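Shown here is one chain on its own, the form predicted on its own, set out as structure tokens.
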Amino acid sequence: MSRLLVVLCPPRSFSSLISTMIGQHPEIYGFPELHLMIRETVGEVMAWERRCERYTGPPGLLRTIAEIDHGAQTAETVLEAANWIEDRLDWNSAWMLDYCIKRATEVSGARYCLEKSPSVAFLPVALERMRQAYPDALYIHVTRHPLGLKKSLEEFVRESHRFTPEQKQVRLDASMGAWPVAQRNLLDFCASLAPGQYIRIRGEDVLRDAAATLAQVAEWLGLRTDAAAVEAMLRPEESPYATLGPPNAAFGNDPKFIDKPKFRPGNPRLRSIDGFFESAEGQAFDAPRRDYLAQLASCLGYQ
């Protein structure tokens, strides 16, 4: 059975793009967001999803089961997947992930199965659950500049139809706080892993030089780094989970990525953190918070 490979990052960190690109390596099977390890059992995962108004379950998990068990993602196969999952609410979440890995290995022959569910960055208990269930898993910690993440998160909140104006304002006011919380959790988790069990890459470096950065990841995994393997990773739109799914499981990845899944190289501007603290918004942070955020950003390669 394939080995588990996990992309660790908070939301709005290029995670759908980068995980899909890595998952297109010929020796990797890339899942969408399964949301499995956020809770102990499948029943608890389903209850959490329903509170988020995803009543049939995690779209990424539904699409995965439809794809690996039925060979296609249609409204009918997604419904089959939903009924199949409903019969296994008493399963441990890791058993369900084991099933996905086993079936994906059988249909693809991949050496690794890749999963990313950004919400675990805020849940140390979920990170620990994953480590206990998969002691030999490998991890890719993907970072993004705190001001880039802040801007992306604010755009997401403003465009969302899920929140009331009051709820939007609460999230906008807290937008700078998400980055240090998630990154501190991930740094602590990675520090507890065995040597060589994780690699850290900057999302901005993928956008600037994807071929070199992703070849480095493949080399670290002991996989092919030839031109054909690297070129495959530059075509994320070819993933079966890169486009819109059927109406009863449409997403499983970021909607903006699904809308335009092709890789578009860029050169993201890395804004000055000191400059942010000189702004009216930044001056609302007290000195200890400014120092902490600046030190954390420097630790991750953002000056």
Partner chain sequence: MPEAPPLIAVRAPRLSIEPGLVQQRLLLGDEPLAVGLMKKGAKKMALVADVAGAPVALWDGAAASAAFARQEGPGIWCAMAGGPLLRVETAASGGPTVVERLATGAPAAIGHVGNTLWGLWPGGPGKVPEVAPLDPEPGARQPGPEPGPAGRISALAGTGAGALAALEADARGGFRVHVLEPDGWRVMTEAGAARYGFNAAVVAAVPWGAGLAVASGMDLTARARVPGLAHRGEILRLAPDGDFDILAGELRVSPWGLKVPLAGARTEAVRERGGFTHLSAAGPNLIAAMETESGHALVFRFSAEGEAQTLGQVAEPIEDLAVGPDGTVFALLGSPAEP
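Positions refer to the first chain, counted from 1. Model, not experiment: these values are computed from the prediction.
There is another form of this protein, the form predicted together with the partner chain, and it is not shown here; the text below is about that form.
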Option from 122-130, 109-117, 151-159, 185-193 whose residues, in the predicted bound form, bring a heavy atom within 4.5 Å of the partner chain: 185-193
Contact check for 201, 220 and 292 against the partner chain in the predicted bound form, heavy atom at 4.5 Å: yes
Proximity to the partner chain in the predicted bound form, single hit among 44, 238, 274, 259 (heavy atom within 4.5 Å): 274
4.5 angstroms heavy atom contact with the partner chain in the predicted bound form for residue 205: yes
In the predicted bound form, residue 105 touching the partner chain (heavy atom, 4.5 Å): no
Touches the partner chain in the predicted bound form: residue 299 (any heavy atom, 4.5 Å): yes
4.5 Å heavy atom contact, residue 213 and the partner chain in the predicted bound form: yes
